[in-house]
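Next up is one chain by itself, shown in structure tokens, the form predicted alone.
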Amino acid sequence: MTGLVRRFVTLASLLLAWQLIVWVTGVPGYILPGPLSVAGAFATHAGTLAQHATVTIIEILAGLLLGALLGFSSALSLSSFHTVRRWLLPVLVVSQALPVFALAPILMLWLGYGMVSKIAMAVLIIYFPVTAACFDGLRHTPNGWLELAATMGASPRNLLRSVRLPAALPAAASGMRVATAVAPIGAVVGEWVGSSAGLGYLMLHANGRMQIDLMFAALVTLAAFALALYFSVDHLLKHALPWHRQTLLDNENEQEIPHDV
């Protein structure tokens, strides 16, 4: 409950500071609308915001799901097959040297201006952090665990299922948190390049018509969904990995305990 109160106080303070800046500076509404103006845009354009938000949410969720599945599959292949690691790993590293945003026009050309190209853009952004984090966790399994499993006669399949995968889950969870944070970027950038629906499209459309309050309302909607998605995934991961959560709490408690000199 304390955490909820703290978040509410922080949000209220930010909104109050925002409104005070608008009042004190007298900045025009077409440059920086106040929270009250944005709230009015929410009330006036609620249906439009809901319609475009639905499109963007579907793109983000689909991109997150596909990117995570492809990332986990690639990490398993990299850790299990030397040939795949030798050929695929350099390609993954080189691919990160290419600006992902520069690929958006190409994806529009190949996949069209519909939802598929935006999902593909989100997948491209999500894929690497999930793959890298999961692969790093798989290849850094404690040697003691592997030696104990080998002594007990574990087969390679059982070793992967019962030892390496559980050991890699905390690293994979970190990759999922990063992927969740960056997932909205791919969808919105794709909508900016070319689309007929979505919050990114609505922001560009509102900016062109000088409806800055509506543009901020779309931005706030996107930010609210991104935060809700991140905290939801974080909550699920904490409950899915209770031993990792307890380890973190134990480490924090040890740091707080004073040590005698």
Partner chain sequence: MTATPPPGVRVHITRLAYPGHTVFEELKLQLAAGQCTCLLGRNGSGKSSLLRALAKLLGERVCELHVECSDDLPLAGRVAYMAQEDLLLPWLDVLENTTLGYRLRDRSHTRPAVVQRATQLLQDVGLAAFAHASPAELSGGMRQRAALARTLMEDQPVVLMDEPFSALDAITRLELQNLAARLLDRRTTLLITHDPLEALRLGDAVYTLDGQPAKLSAPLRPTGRAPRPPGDAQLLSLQGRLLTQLGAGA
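In this text the structure is predicted, and so the values were computed from the model without any measurement. Numbering follows the first chain given and starts at 1.
Although it is not shown, the form predicted together with the partner chain is what the next lines describe.
task: Verify the contact flag for residue 86: yes if a non-hydrogen atom of it lies within 4.5 Å of a non-hydrogen atom of the partner chain in the predicted complex, no if not.
output: Residue 86 lies outside the contact set for the partner chain.
For this session: Indicate whether residue 94 is a 4.5 Å heavy atom neighbour of the partner chain in the predicted complex.
Result: Looking in the predicted complex, residue contacts with the partner chain do not include residue 94, since no heavy atom lies within 4.5 Å.
With heavy atoms only and a cut-off of 4.5 Å, decide whether residue 80 touches the partner chain in the predicted complex. Looking in the predicted complex, residue contacts with the partner chain do not include residue 80, since no heavy atom lies within 4.5 Å.
May I ask you to state whether residue 154 is within 4.5 Å of the partner chain in the predicted complex, using heavy atom distances?
Contact check for residue 154: yes, within 4.5 Å of the partner chain in the predicted complex.
Could you tell me which one of 189, 182, 149, 103 places a heavy atom within 4.5 Å of the partner chain in the predicted complex? Answer to the contact question: 149.
For this session: Heavy atom within 4.5 Å of the partner chain in the predicted complex: which of 108, 116, 178, 159 fits that? Just give me the one.
Result: None of the other options qualify; the answer is 159.
Interface stretch in the predicted complex with the partner chain - options 116-124, 130-138, 166-174, 69-77, non-hydrogen atom within 4.5 Å
The contacting stretch is 166-174.
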